[in-house]
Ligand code: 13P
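Coming up is one lone chain in structure tokens, specifically the form predicted alone.
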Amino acid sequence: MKDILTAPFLRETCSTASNMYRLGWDERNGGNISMLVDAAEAAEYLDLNNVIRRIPTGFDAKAVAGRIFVVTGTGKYFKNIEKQPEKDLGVIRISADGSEAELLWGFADGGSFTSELPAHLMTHISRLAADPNHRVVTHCHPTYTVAMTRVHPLDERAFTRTLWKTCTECIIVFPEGVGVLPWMVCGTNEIGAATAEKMKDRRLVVWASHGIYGTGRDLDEAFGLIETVEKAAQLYMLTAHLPTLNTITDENLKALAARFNVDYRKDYLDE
């Protein structure tokens, strides 16, 4: 059996966590990552019959029963994950009845998965229904995106339009727009359900005064979506207090969408 510390799914999670910490998106133990792992790939590194312990999931996760995830741990600092993955990460499998996570590896210090796991699993369920190739959910606290929620209306259409009009690549990278939630208590099934509902037709949801959820078919896509929103939010925060002399118009956005053949959310642009 191969050394799990060399597994691509583990190395990619570690390097992404380190990069997110370096960018200031995941201070202290802020943020979390979960990624679907193919059972055949996991079996190259783990004995899938060896369940170390069982941890309640906190909600009915039967929709992803039997699926395997690598997930960050609760209270774990992203800056340490690459140095001690066996403590700060876990590989879990959802039990047949969806009520438990079967720990197959990790959390070696007796820890558990992120408190946001229910929200992650709810989002995985929503995104898998929309895209069978979906694999990743990431949550973090990018500075300018959070700042933008403090001063910008939280209307999803208005928020998306501001991002699209601030930076040329935005409508190309997230043509479906971003979802936006008002402030809610984190780590609850309520915010998880609200996020999952918006994830039915988009890959990004902003949590006001908190952070962002980004999803994708791999870690690069999920990371890149958040990175693009954060760049546009930074540009907005650097210029929002100044007179706007130039902008990207709705006609410009339509031309961009046509040039790059993206199916954007039509009702977010004016006729």
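As the structure is a prediction and not an experimental result, all values here were calculated from the model. All residue numbers refer to positions in the sequence shown, first residue = 1.
Note that the form predicted in complex with ligand 13P isn't included here; everything after this is about it.
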Residue within 4.5 Å of ligand 13P in the predicted complex by heavy atom, from 217, 210, 231, 67, is 210
Among 165, 87, 141, 152, just one has a heavy atom within 4.5 Å of ligand 13P in the predicted complex, namely 141
Partner contact check in the predicted complex: of 219-227, 240-248, 56-64, 31-39, the stretch with a heavy atom within 4.5 Å of ligand 13P is 31-39
Item to complete: Report yes if any heavy atom of residue 75 sits within 4.5 Å of a heavy atom of ligand 13P in the predicted complex; otherwise report no.
Response: yes
Problem - Distance check, residue 114 to ligand 13P in the predicted complex, heavy atom within 4.5 Å - result: yes
Ligand 13P contact in the predicted complex: residue 181, any heavy atom under 4.5 Å:
no
Query raised in the report: Applying a 4.5 Å heavy atom distance criterion, does residue 146 contact ligand 13P in the predicted complex?
Result: no
